[in-house]
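Given as structure tokens, the chain that follows is alone and in the form predicted on its own.
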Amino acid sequence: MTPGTGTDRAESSVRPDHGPRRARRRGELSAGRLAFLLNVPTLAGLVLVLAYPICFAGYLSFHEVSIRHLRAGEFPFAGLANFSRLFQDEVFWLSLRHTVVFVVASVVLELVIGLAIALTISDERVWLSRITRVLILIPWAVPPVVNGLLWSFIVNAQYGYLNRALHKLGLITDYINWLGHPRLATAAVIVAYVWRTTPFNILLYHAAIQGIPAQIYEAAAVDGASSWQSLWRLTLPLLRPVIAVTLILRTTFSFMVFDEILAITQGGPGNDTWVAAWYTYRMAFQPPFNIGLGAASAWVLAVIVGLVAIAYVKLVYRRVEYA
């Protein structure tokens, strides 16, 4: 055994007093615990608002639930019968196909139009740019159902403003039944939805563009870069993080489109504008009120949205880097 030196004994007697240990001895909370306690009300609210309905929908999806069962207060266990019936329903697969078409079309349009408008209003040379910045945000403030009713008046075959305008311009001789044709009805819903949601993308893109240092563009101009080269090699690479976020958010929200379908087409003509959210609503809250089947459809849609969001995060967001 080697006796310790005086310096060793002095070091051992004066051990460092770590902040958290000293805080615990004094009965104080660490920063992490304090942050957790301050967020407990928010977490409790999320559990009540989100977790409970999701879990209850999952419970209903494994039971036979109808108006008769709701009155009796008894839900017979059905196992996977609701999911089996769901996957054998051709209308469900048709609604999923319509949902994919709607999501792809709306997200692409929101990305292209939003980016084009954001670049335009960010240019100080654009006339009345301050006013346009305010006006373009108005659609975002319109409630979805109100937006659907507004566009249902615009595309109405008898008294719609779109037919009237086209007729006065001499582009059509007879009024067009926009909602009577499958493709035209789908296009009408997509246009109404994109008109309401694109300002969200514009707002994010515009804020990101304003955050790009002007010195980067000045250095590129000194090197002889044209406007197109600055856009393609500077602006778009620097906007990649924001574009990735908007792709994730808008894709997940587009999967849940419902209000415009309800107000404009109500799934028509026939089943040609049925989407997954509309299918879930019709199964659960329209005759014959098969709530268990509707809950199973909602869970399948939630799983699809979750998988798409995970794929976006892994394939798109991970590759986002500043050039």
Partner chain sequence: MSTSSTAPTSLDRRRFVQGAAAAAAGGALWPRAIAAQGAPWAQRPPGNPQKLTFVVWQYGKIYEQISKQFEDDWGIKLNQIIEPNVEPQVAKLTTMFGAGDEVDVSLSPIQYLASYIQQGIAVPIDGLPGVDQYVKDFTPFARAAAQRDGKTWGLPYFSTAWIFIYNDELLGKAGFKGKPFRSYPELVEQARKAKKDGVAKYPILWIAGAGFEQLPGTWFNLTWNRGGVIFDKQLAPQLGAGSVARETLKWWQSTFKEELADPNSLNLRFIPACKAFNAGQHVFLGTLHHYYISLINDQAQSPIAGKGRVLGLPGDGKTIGYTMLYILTSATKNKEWAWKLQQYLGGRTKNGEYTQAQRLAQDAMLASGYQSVMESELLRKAWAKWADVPTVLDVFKKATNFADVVPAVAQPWYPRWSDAINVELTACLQGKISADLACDNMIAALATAKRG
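C-alpha atoms forming the largest set that superposes within 1.5 Å between two forms make up the rigid core. Numbering follows the first chain given and starts at 1. Computed from a predicted structure; not experimentally measured.
Another form, the form predicted together with its partner chain, is not on view; read the next lines as being about it.
Using a 4.5 Å heavy atom cutoff, 270, 283 and 290 all lie near its partner chain in the predicted complex.
Residues with any non-hydrogen atom within 4.5 angstroms of its partner chain in the predicted complex fall in just one of 179-187, 217-225, 247-255, 199-207: 179-187. Within this chain, residue 85 lines the site of its partner chain in the predicted complex, having a heavy atom no more than 4.5 Å away.
Not displayed here, its partner chain is kept clear of residue 77 by more than 4.5 Å at the level of heavy atoms in the predicted complex. Under a 4.5 angstroms non-hydrogen atom cutoff, its partner chain in the predicted complex has residue 157 among its neighbouring residues.
Although the partner is absent from this view, residue 266 contacts its partner chain in the predicted complex, with a non-hydrogen atom inside 4.5 angstroms.
Only one of 43, 51, 67, 34 lies close to its partner chain in the predicted complex, with a heavy atom inside 4.5 Å, and it is 67.
Comparing the forms between the shown form and the other one on their rigid core, the Cα displacement of residue 72 reaches 2 Å or more.
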